[in-house]
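A lone chain, given as structure tokens: the form predicted on its own.
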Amino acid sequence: MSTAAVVGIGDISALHLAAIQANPGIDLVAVCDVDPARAERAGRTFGVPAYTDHRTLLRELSPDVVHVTTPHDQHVPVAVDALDAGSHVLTEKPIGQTVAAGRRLVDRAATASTKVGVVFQNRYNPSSVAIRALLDSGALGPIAGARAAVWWYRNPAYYAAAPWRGRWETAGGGVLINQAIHTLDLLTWFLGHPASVRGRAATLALADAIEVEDIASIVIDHDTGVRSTFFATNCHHTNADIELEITGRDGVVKLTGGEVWQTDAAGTRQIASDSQATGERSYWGKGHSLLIDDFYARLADPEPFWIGPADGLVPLQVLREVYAQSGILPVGQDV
């Protein structure tokens, strides 16, 4: 039995808490949030002590695993404190609100005796697993190129409910860092690390509500010689399905509507389908529970968790480079 604490009781923490409760090998021992009322509500709901200071929690309870589900600018400070206290860390994306912050976690994790996992849960989707396996098989032949798009919706009320989301200092960006980073992660996982990045980001629909961007276009030349193009916005009228397509000499694989379709000389056929969650946030899928269960299952393994801080740094570097090229970062803020 592993003990767990969740630091940061916002929207995304609900998925972590649900996964913890569903896993008989995990014992939730505490929750923590800087908002006393929010922490107390969560503590009552789950029947565990509630803290407003994560350092006090670490000192008094020494949980085996700390789940970091705070606003972006607190990911690294909380994660480093947890590692210093001897806890394993499972942190939400991004690993930091800036590349400099992310590198701090990468460096600390390299010297830690405990594990650090980064929540890129879409890698666990059946669709992603099928695409990765298809690419590894070589069935598509040499890859010619790829494209992906995220057409989602966020309104001013979304940002008003949690003002940190729309600020450079606390969020580190907008649609790219908060919504589209998962698809950027898939592109680099499928096609290789970026060798060069060119892009533009802007705020076209939500300028009265946020500082950060709500739309972006990117061209990535990967170190495998493949080029991908990427588009993301949260100005759409709804949260549409993620689209991703990879074209090879001998065929095409396409993700759309949670389904993966392969087209080649034998025709077009479906090779995978995601079993989606239902409800308001169904577009998140079910990957969180799969990743969390896997992280705990690997705690005793000697090697690092397979999605670690160095992996989290890759899409963060891409999107922050686009911000820099677009001239939209605040004066004095590093990439």
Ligand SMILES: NC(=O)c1ccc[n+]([C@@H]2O[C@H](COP(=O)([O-])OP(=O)(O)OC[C@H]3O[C@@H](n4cnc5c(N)ncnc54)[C@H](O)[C@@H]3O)[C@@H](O)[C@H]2O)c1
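Here the structure is a predicted model, which is why all the values come from computation and not from measurement. Residue indices: 1-based, along the sequence shown.
Omitted here: the form predicted in complex with the named molecule. The next part is about that form.
Only one segment in the set 58-66, 35-43, 262-270, 296-304 has residues whose heavy atoms sit within 4.5 Å of the named molecule in the model of the complex; it is 35-43.
In the model of the complex, the named molecule lies farther than 4.5 Å from every heavy atom of Ala19. When contacts are judged by a 4.5 Å heavy atom cut-off, His182 counts as touching the named molecule in the model of the complex. Interface residue remark: Asn178 is counted as part of the site for the named molecule in the model of the complex, having a heavy atom within 4.5 Å. Not displayed here, the named molecule is kept clear of Ala4 by more than 4.5 Å at the level of heavy atoms in the model of the complex. This chain lacks the partner; the member of Lys93, His222, Arg167, Lys115 within 4.5 angstroms of the named molecule in the model of the complex by a non-hydrogen atom is Lys93.
For the options Ala216, Ile143, Val119, Val150, the one in contact with the named molecule in the model of the complex, meaning a heavy atom within 4.5 Å, is Val119. Interface residues of 65-79, taken as those with a heavy atom within 4.5 Å of the named molecule in the model of the complex (partner not displayed): Thr69, Thr70, Pro71, His72, Gln74, His75, Val78, in sequence order.
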